[in-house]
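Taking the form predicted alone, here's one chain by itself in structure tokens.
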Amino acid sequence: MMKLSIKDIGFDGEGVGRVDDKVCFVRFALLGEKVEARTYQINAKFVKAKLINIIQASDKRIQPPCPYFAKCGGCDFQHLGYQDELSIKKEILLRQLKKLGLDISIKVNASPKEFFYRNKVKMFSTEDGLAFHSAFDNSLVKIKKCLIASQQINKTVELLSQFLQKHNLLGKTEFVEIKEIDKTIVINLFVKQALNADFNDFIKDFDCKIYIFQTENKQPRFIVGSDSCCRYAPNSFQQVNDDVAALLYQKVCSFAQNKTIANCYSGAGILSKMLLESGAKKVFGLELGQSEHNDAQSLKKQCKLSSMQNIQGDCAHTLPTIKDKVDLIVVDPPRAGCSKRVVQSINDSSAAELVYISCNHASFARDIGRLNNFQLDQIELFDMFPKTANFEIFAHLHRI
């Protein structure tokens, strides 16, 4: 056990102090607090410690509304008011920009919902139900209700957990992904062996559309649903906060008018469709994933989007193949950011403008530093993930 003063906030929102001349990160500790903590990870450069006791609390600390907070690893900021949480996120992003020598104002867009916003969860099987990972290790925390998951997701978790337990299927299920899309529930069961159970009894308790898949050896297979065809691939990407996603995409689409756009990492084509609806002349959707590309093709056919062209492949290779003059490039990469080859393809393109969407401030800052032919002129923070240390970034750059 050690005592330390929290003098700073880390890039993941944790409290930062010093012990034995090493930086010490204490998750759930706040700036200005004096705490007791116990080391659980030692590195050559830093120490990670678990908060045990608060000797002197910050005047910004509040009582967390969730009984699982600091046990379950899903949330970082339930012990802090929302405006203070947003201030920390803004400061984290400002620090990343200052490392690049950038001094630019940041607009912060709060989430309309602090709680019950999340439309996707991943849960793991225990002997008596479904659970989340612990905050500090790979142990599991069984919960009755998640305060950041949507009400429909919570209902689904409860009923699914009961069903799997009743039919002795928990031992055959490794983990479960549950999504809520357009008032439709999509469940993907990742299994060790094919499940032998009749899920028709399970889905009859739902007053919305529901579809169930099982994935064995990385291959998803449709089991049962409200009808025989589900238009949502179980592994397709979606933003987890519908309200904030709408605000973010509205911002992106404000740059679409009369432009030919290359939409990199375009997924199932939702943003490509929105860009066309916002006045884009033509949109090229570039996506590596085959199932996502197939979804985008289905969307194009269903909505008769003749000005949308979906190209399957790595953006680094497909972007240079576009023969039309591209006015605007939109990129929304995974957390790892853009590869060096993708960044080079963007630098080498003829596009006058670039919109970069990111859920990782570290990879975002790295890529902005590599985009030598572009200059950052506008940046906004969209709080896609309230109560966690994560957030979404919107950036507009112009060619120099």
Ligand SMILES: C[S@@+](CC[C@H](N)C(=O)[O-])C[C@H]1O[C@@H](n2cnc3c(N)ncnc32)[C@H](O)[C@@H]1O
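What you see is a predicted model; the values in this text were computed from it and never measured. Residue indices: 1-based, along the sequence shown.
The discussion below concerns the form predicted together with this ligand, not included here.
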query: The unique member of P220, G73, G225, G267 whose heavy atoms fall within 4.5 Å of this ligand in the model of the complex; finding: G267
query: Proximity to this ligand in the model of the complex, single hit among F255, F124, Y249, F202 (heavy atom within 4.5 Å); finding: Y249
query: Proximity to this ligand in the model of the complex (heavy atom, within 4.5 Å), stretch among 258-266, 192-200, 74-82, 116-124; finding: 258-266
query: Contact test in the model of the complex: E180 vs this ligand, heavy atoms, 4.5 Å; finding: no
query: Contact label in the model of the complex: Q239 to this ligand, heavy atom within 4.5 Å; finding: yes
query: Partner contact for P334 in the model of the complex: this ligand, 4.5 angstroms, heavy atom; finding: yes
query: Close approach of E292 to this ligand in the model of the complex, 4.5 Å, heavy atom; finding: yes
query: Residues in 282-305 close to this ligand in the model of the complex, defined by a heavy atom within 4.5 Å, in order; finding: L286, E287, L288, G289, E292
